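Before any questions on how it binds or moves, here is one chain, the form predicted alone, in structure tokens.
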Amino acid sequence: MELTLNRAAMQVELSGIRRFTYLVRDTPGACALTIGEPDFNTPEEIKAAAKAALDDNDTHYPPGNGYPYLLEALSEYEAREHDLHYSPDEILVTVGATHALFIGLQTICNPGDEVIIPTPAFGLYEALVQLCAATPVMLPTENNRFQIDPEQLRAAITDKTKAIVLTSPNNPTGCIYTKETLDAVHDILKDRPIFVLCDDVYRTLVYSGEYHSFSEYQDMRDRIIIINSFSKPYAMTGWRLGWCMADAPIRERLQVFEQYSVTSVPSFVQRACVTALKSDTTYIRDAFKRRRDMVYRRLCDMGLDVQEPEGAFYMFIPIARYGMDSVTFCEKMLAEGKVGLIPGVYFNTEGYMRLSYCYSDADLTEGLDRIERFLKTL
């Protein structure tokens, strides 16, 4: 008797980012600059709100889409902070941004549909598309300063194209799409039946220049799904809370996958999320900006032609000139230099490595010193 499993599940590999992170973790004496997780603890007032909810026995089934008070708070927050006007019944509370992306893709994709993913990109997108039995279509941007080239986008669109995923600021580059880029994408998509998934989880971590999200193009409201999360701006990665917003008919279908996949998000953490939306966490953004400036200066001093990131907390460092693929380079740097960064191939872009500056000044300084010493041996 031969047992068979879901084809999509068999074709998707486990995360290369996690695999390499574990390799760094298991290397004695290694300095890790791999994880994209704020090194700050969740602010005390947010934790206190969760504790109070537990004391009030808020431990029963909540509404499947999120408590009305949290949906209202999210609606007010998005209108106030981002001028995005979605009513509470157009918002869904999810188990982090990953869950929001998954149910978004599950809702819109049929087997054989194509989803365009501008690269470099977080490997999650490709895997989620494949798990939905759709086909990821990579759109390289490294030769255009990580901006989408309109002609390349037009060439990537076929009669099977169902959606495009836009992440700005980007992981792993820290790049922000310019208004010119977004206008060009909008002009190409506005009259086509193509969805846009806006992964805006880093939008509060912007350090310079003018920021725009594709979510602003509300003439395409019926085809836009906006993804956000409490993880990055509020140092709440372990809480696993996010949200998505979409036009009412789409949101109605999103909730089907929400309720049949997780029933609901945990009850008592939702009160803490309302507190988070009112919390001042500019100190987190300011700390990351200062670290960005320090890391960028050091890398430039090493002679590395790195593009200065405008958001998030990553540096995408070019290493092609050393004549090794990114996995070989990073493995060699880990073994000989005792410092771990993530190979660029795990973001579908060879010839780079990703550095996360979600670490203390002391850890960053030590890691950069080790990178510099290793480079001098090549």
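This is a predicted model, so every value here is computed, not measured. One rule holds for the numbers: they count along the sequence shown, beginning at 1.
Although not depicted, the form predicted together with a small molecule is the subject of the following passage.
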item	value
Listed range touching the small molecule, judged in the predicted bound form by heavy atoms within 4.5 Å, from 271 to 279, 214 to 222, 247 to 255, 199 to 207	199 to 207
Interface residue in the predicted bound form among K162, H82, R291, R240, criterion: non-hydrogen atom within 4.5 angstroms of the small molecule	R240
In the predicted bound form, the one of I103, I226, A97, I117 near the small molecule [non-hydrogen atom within 4.5 angstroms]	A97
T141 within 4.5 Å of the small molecule in the predicted bound form, heavy atoms	no
is_contact(Y352, the small molecule) in the predicted bound form, heavy atom dist at most 4.5 Å	no
Heavy atom of Y86 within 4.5 Å of the small molecule in the predicted bound form	no
Contact flag, Y314 vs the small molecule in the predicted bound form, heavy atom cut 4.5 Å	yes
Output flag, Y125, N171 and K232 jointly within 4.5 Å of the small molecule in the predicted bound form, heavy atom basis	yes
